[in-house]
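Two forms of a single protein chain come next, each set out by itself as structure tokens; they are called structure 1 and structure 2.
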Structure 1
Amino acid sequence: MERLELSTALSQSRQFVANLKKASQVDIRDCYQCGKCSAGCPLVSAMDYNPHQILRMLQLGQVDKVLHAKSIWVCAHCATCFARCPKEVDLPRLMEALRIEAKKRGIIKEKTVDLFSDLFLDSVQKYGRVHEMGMIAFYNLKSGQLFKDAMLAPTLLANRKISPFPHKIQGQQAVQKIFAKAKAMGGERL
């Protein structure tokens, strides 16, 4: 087992933990490791560390390990953990804050998840609404799975469930402004 110099790790992670609390409203000291979050998490089998382990690692100052975890990308924000937590730790929000920070540092452990949200937001920024077909086409192109779900497309098109054309709103510029301002305001590092 790896050795952990606890006092050094804790002093080095103090600032990070304080900023994490600001970004997520979560005080990692609230968690007493009952494991209920991991027990109910529907995605736990796809994670490298279970949700309660992520929290424990933060309590032990292992910031780098947490930011390199796949788990923060795998979390689907379904909030089962939060609804059941006896200490009301908002884990989805913590996962979200960790993912935002990991991305800022260029650590992207699940590239397809990141690509999916990027393309989703590109579509919103461009048109004001998501253009589902355009987004999926780009996703397939960029993720190198050109024909993923392609057999579903004819039925979707025939039923007018997807359109080759985006729906643009009049307030496109208002939406673009929101994107620009939110980006300018949200550049704070943990």
Structure 2
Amino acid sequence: MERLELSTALSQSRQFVANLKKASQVDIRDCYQCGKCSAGCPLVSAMDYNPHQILRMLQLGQVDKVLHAKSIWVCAHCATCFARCPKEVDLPRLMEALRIEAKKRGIIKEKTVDLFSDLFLDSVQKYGRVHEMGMIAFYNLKSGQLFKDAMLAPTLLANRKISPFPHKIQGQQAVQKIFAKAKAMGGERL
């Protein structure tokens, strides 16, 4: 079992926790470890640490362990945990803030999740919606799985489920304003 020097870990993590609270608007001290978040999480079996364990590790100052956890990348932000939490701890916001911090430090545990997220946001910023075919093609190309979905393309195209051409939405300026506002609030794209 790993020994933890609690007073040192807590003093070293104090600034990180304060910055995390500012970024996510979540106070980790609100969690009293009831475990309802973990019990309801549909992806908990794919995580290395359950959601309530992530919160407990943060409460104990184990920042590096949390930032290296696969769990922060596996979270699908479905908000089941948030809906079940008696203290209304917004775990999806916290997980996103942890992902951003991990990415800033170059700790990207699940590179495909990060790639998917970047391509999704690029498509939304460019067209106002996701261009599925372009996103699939770029994702497969950049993740090294070029022909992964090639067999599906003829059926999807024939049934008009995807289009080879992107379509911009009306009100593209509103989307650009959202991205500009997010950037002004500190939501930089990494």
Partner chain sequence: MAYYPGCSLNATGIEYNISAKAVAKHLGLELWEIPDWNCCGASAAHSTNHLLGLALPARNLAIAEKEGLDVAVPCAACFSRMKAAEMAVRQSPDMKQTINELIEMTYNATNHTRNLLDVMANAVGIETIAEKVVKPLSGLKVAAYYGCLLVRPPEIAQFDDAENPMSMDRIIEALGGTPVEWSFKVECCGAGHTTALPEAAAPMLHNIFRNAAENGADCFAVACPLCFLNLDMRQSEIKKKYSAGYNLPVFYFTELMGLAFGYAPKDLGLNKHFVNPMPLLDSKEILRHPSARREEA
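Here, residue number means position along structure 1's sequence, counting from 1. Computed from a prediction, not measured in an experiment: that's the story for all the values here. What we label the rigid core is the largest C-alpha set whose atoms superpose within 1.5 Å from one form to the other.
Structures 1 and 2, same chain in two forms; the form predicted in complex with its partner chain is found in structure 1.
The two forms, fitted on the rigid core, differ between the two structures by less than 2 Å at the CA of V17.
After superposing on the rigid core, the C-alpha of Q170 is displaced by 8.4 Å between the two structures.
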